[in-house]
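Only one chain comes next, encoded as structure tokens, the form predicted alone.
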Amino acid sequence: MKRISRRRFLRYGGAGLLALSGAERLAALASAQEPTIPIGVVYPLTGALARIGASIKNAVDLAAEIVNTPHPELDPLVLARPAGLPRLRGAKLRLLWADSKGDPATGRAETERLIERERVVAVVGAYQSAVTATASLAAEAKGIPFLNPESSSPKLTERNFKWFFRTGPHDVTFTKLFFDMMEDLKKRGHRISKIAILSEDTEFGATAVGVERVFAQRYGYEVVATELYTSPPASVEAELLRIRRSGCDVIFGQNYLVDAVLITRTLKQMRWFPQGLIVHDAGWVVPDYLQTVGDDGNYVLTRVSWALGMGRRKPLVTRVNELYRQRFGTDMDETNARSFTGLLALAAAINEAGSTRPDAIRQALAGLSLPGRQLIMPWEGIEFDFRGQNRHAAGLMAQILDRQYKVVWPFSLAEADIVWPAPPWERRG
């Protein structure tokens, strides 16, 4: 059946509808009965981060499906029970995808295109902090709400933007986890005092390095080496040789997928591993990482906002993951669980607004209050502070054990015992 645009339907209107063919009349009537809400979605769908973008796309598409069609088996997940948005007469979300290619300039241009040509009422994106920074700048200039689920640079919510909201934690929250965990390990008798940092050099990595240095000073640790590189690097051997010579106990890392694989392989070639390799998720939690390095990825510690093992305490996590696995043949991961939650939060705000006017959606986001029981995250809920940051966003520490991400800290919530120090390569199975 030939589709007809809503604009054309409205132009014909009333008696003019009779001028259309029978098929067009049916399409027009269906369109009129099923209004949709255009949402722009900007992520890296091609380039070095395409696999991550594809994973995020799966999760966001699933979130839209859950909003648009009844899923009572997922109750109490927000908007799972009705079909569409109840306060907008069952209107359904219509996602308009754009490819940032992992490039800040492209991300901004695509956001502008979605706003100006596609008339989206809100935008979700964009994974990388550097791309989120430029894409949200375009939305701010146009007066369109921009919701970011994943980017962790604290600077993003320190710009006094009116239209920017972030549901996930930022690097200050995450980095504090590193130090609190090490303090607990010291109470168990481990000696940890020297830190080295190995990081990519964009907004994500450079900002995290600054936060880590501040916390190191606050907690009384010595930063003995800092190595920055441009991702994806051709080699990290020189950086890791300097780090090994520094005598560090721990390496902190903020690295994308290609980087994480290269770091792991280089450490194995060097036959060296620090007491702990503690990282800001990113490439370390993408399924491709463990599919590529296998058992060599064991014992890496990463901050997470989500882990499949949470399902033991929160059955909703397992039920949503089962649906995801049915659709895509794999489990959700720490990153796309945040993406999934971000779109649901935006949908809830649009529903609360009862309107598709950007200013109404912005006002609803500012006043949004979602309880934790309606989410798959380990958060108390979603409520934004005056900067647009979710005040309840929090994290956990997970360790890769037998190729699985297991929550190991806080110790009171651990699903497995932490392995510290990590065993040397020759003692691994």
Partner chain sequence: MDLLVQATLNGLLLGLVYALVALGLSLIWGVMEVVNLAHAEYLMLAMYATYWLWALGRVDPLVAAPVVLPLFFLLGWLTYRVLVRRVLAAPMVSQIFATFGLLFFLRYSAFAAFGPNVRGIWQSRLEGSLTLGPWYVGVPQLAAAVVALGAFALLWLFLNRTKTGKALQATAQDRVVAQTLGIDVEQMFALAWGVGIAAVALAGISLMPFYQVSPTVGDAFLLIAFASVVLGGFGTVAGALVGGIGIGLVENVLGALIAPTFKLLFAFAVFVLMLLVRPQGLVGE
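Bear in mind that the values here come from a model prediction, so they are computed numbers and not experimental data. Positions refer to the first chain, counted from 1.
Below, we turn to the form predicted in complex with its partner chain, even though it does not appear here.
- Using a 4.5 Å heavy atom cutoff, none of 142, 349 and 373 lies near its partner chain in the predicted bound form.
- Exactly one listed residue, out of 106, 266, 356, 157, brings a non-hydrogen atom to within 4.5 Å of its partner chain in the predicted bound form: 266.
- Checked against its partner chain in the predicted bound form, the candidates 309, 274, 297, 233 yield a single residue with a heavy atom inside 4.5 Å, and that residue is 233.
- Heavy atoms within 4.5 Å of its partner chain in the predicted bound form map, among the stretches 365-373, 45-53, 380-388, 60-68, onto 45-53 alone.
- Under a 4.5 angstroms non-hydrogen atom cutoff, its partner chain in the predicted bound form has residue 262 among its neighbouring residues.
- In the predicted bound form, no heavy atom of residue 99 sits within 4.5 Å of its partner chain.
- With a 4.5 Å cutoff on heavy atoms, residue 258 counts as touching its partner chain in the predicted bound form.
- Taking the partner from elsewhere, residue 172 is found to have every heavy atom lying beyond 4.5 Å of its partner chain in the predicted bound form.
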